[in-house]
Ligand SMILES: Cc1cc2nc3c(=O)[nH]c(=O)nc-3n(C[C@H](O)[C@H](O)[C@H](O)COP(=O)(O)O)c2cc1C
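Below you will find one chain, with nothing else, as structure tokens; this is the form predicted on its own, and questions on how it binds or moves follow later.
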Amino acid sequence: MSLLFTPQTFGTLTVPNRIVRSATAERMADDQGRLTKKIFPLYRRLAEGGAGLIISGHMYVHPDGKAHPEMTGIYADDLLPGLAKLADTIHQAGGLAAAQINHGGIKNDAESFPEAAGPSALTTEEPFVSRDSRALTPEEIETLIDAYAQAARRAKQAGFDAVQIHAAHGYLISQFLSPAANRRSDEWGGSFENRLRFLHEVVKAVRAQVGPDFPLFTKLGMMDGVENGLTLEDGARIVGALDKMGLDAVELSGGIGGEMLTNVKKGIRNEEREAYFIEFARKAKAVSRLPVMLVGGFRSRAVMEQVLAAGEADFISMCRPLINDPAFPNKLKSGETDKSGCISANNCWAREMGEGIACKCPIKA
């Protein structure tokens, strides 16, 4: 029996199939984070293409949290009209929309900000640090917790069906979780419990804004892949704590920066190289009852079905195949194809201002 196109629920949200469009930075906003008209056709095509749930590209929750040029903002109420239009575009095309909220921390945009700040003062001697940073003060930490909460409120107000808190890929929450990036000795660092505190407080503040029944989930980097970083065992401990925080699901990924572990791998040309974070999902399932969304190189229906049938994940997340062809889910469902045409060349990302994400490879490999 096929599971890929059966409904699945997390929290109060029922998703019509198991395919999730994983958050992908679109680079289709202006200098203030306001959406440009280029973004709406992109999301209309994604919704029409059949993905069960569409997660937006990450949106910065505070003015100093912008991670790169042309990033979408969700830090102020005057951004609501564009955000509402985005959610409405997805809904009109038959899709469900989740807003991913984020802060760059030490990875904020150097062109926009003279300094970077995160859990601790770090230098570029670290393989995952691109420029020197200072440590946030306790007062600044409290301000940023509220920034996440207000961003979630805006997402709900704009009409999104769910909010995803970004806690992966070396951004601010990931930095707090990582012993390599978080070297504080106060209540926000040091022990495992103290490194977990920032995420816990963000979730609590967000939940207070959106209410007990609004679907809320996280994208978690379960392993850093750098020396003295978050191990897979510690990542599993974090997963084990998530449902007690009031989250409804978790999407699993990895890599804080550097070359040892990356969340985007090239050259996925056979089934053996797909599902490259499958061990993360197995660890997560062993410690938590939360629905698991698994990202990491899915290209073939056979691999997706196998992972679902084995109970190793509840949803299959992907982004590059949907940049290559937004209609890939519908083509899988109809039997028109059983494998993505994405050749994992990583030619999707914008190289120039105004370009935005787009596949620059042939539709068929």
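All residue numbers refer to positions in the sequence shown, first residue = 1. Since the model is a prediction, treat every value here as computed from it, not as a measurement.
Although not depicted, the form predicted together with this ligand is the subject of the following passage.
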item	value
4.5 Å heavy atom contact with this ligand in the predicted bound form for all of Ala23, Val295 and Arg299	yes
4.5 Å heavy atom contact, Met318 to this ligand in the predicted bound form	yes
Interface membership of Lys66, this ligand in the predicted bound form, 4.5 Å heavy atom rule	no
Proximity of Ile323 to this ligand in the predicted bound form, heavy atoms at 4.5 Å	yes
Distance check, Tyr276 to this ligand in the predicted bound form, heavy atom within 4.5 Å	yes
In the predicted bound form, segment of 124-132, 147-155, 162-170, 183-191 with a heavy atom within 4.5 Å of this ligand	162-170
One residue of Ser288, Thr89, Gln209, Asn263 in contact with this ligand, assessed in the predicted bound form (non-hydrogen atom, 4.5 angstroms)	Asn263
Partner contacts in the predicted bound form for 51-87 (non-hydrogen atom within 4.5 angstroms of this ligand)	Gly57, His58
